[in-house]
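Encoded as structure tokens, the following chain is the form predicted alone, with no partner shown.
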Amino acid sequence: MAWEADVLSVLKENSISLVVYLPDTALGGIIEAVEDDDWFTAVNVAREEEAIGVLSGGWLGHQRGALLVQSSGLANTLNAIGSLSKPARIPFLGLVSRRGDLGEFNLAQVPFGYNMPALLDTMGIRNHSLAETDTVARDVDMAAKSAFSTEEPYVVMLESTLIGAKDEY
């Protein structure tokens, strides 16, 4: 729970109190901690696009938000981000468990997971891959500050070397 605790501290330090998520095993420690901490408003949504709507409403209500989702789920949000978040300058911090790269066994996860950084670059959504525990606090903090100071989404891809690959061979 060491790197997850760093993420929670950074969220609080950056006044990010709205956390919108979809269930995800790799992000389970953060999700559980957010749900158990009264400082956060945790919103479990049924669809990824709904998460962008909740985050947008939060921002319009002067609440900073974060999205916790798997990379395949982030793929489902691309239209909402490209047609709402980006042009309306609605920032959020995306913390995305990345599938489709190192250690991936499921071919269905590869097209969007492996290519997600390139897709985000094409859309002009800044992103960063986070692979080691020793830079989690620094890098997530910098991503949060970038998102809210520029009023644009910023996505941090949490690589399998950080969160662990699924062991389903």
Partner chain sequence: MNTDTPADQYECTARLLSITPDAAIVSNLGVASYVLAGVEDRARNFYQWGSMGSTTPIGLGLALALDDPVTVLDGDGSMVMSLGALATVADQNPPNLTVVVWDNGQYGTTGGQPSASRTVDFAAVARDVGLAATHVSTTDDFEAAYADAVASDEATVVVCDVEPVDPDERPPFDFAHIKWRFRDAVAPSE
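Source: prediction; values computed, not measured. Positions refer to the first chain, counted from 1.
The next section is about a form of this same protein that is not shown, the form predicted together with the partner chain.
The shortest heavy atom separation between residue 58 and the partner chain in the model of the complex is within 4.5 Å. Using a 4.5 Å cutoff between non-hydrogen atoms, residue 28 does not count as a contact of the partner chain in the model of the complex.
Using a 4.5 angstroms limit between non-hydrogen atoms, residue 45 touches the partner chain in the model of the complex. The partner chain is not drawn, but in the model of the complex it has a heavy atom within 4.5 Å of residue 53.
Shown here without its partner, the chain carries 120, 142 and 146, none of which come within 4.5 Å of the partner chain in the model of the complex through any heavy atom.
Residue heavy atoms within 4.5 Å of the partner chain in the model of the complex occur in exactly one stretch of 107-115, 65-73, 121-129, 37-45, and that stretch is 37-45. Taking the partner chain as it sits in the model of the complex, the stretch 146-160 comes within 4.5 angstroms of it through a non-hydrogen atom at just one residue, 151.
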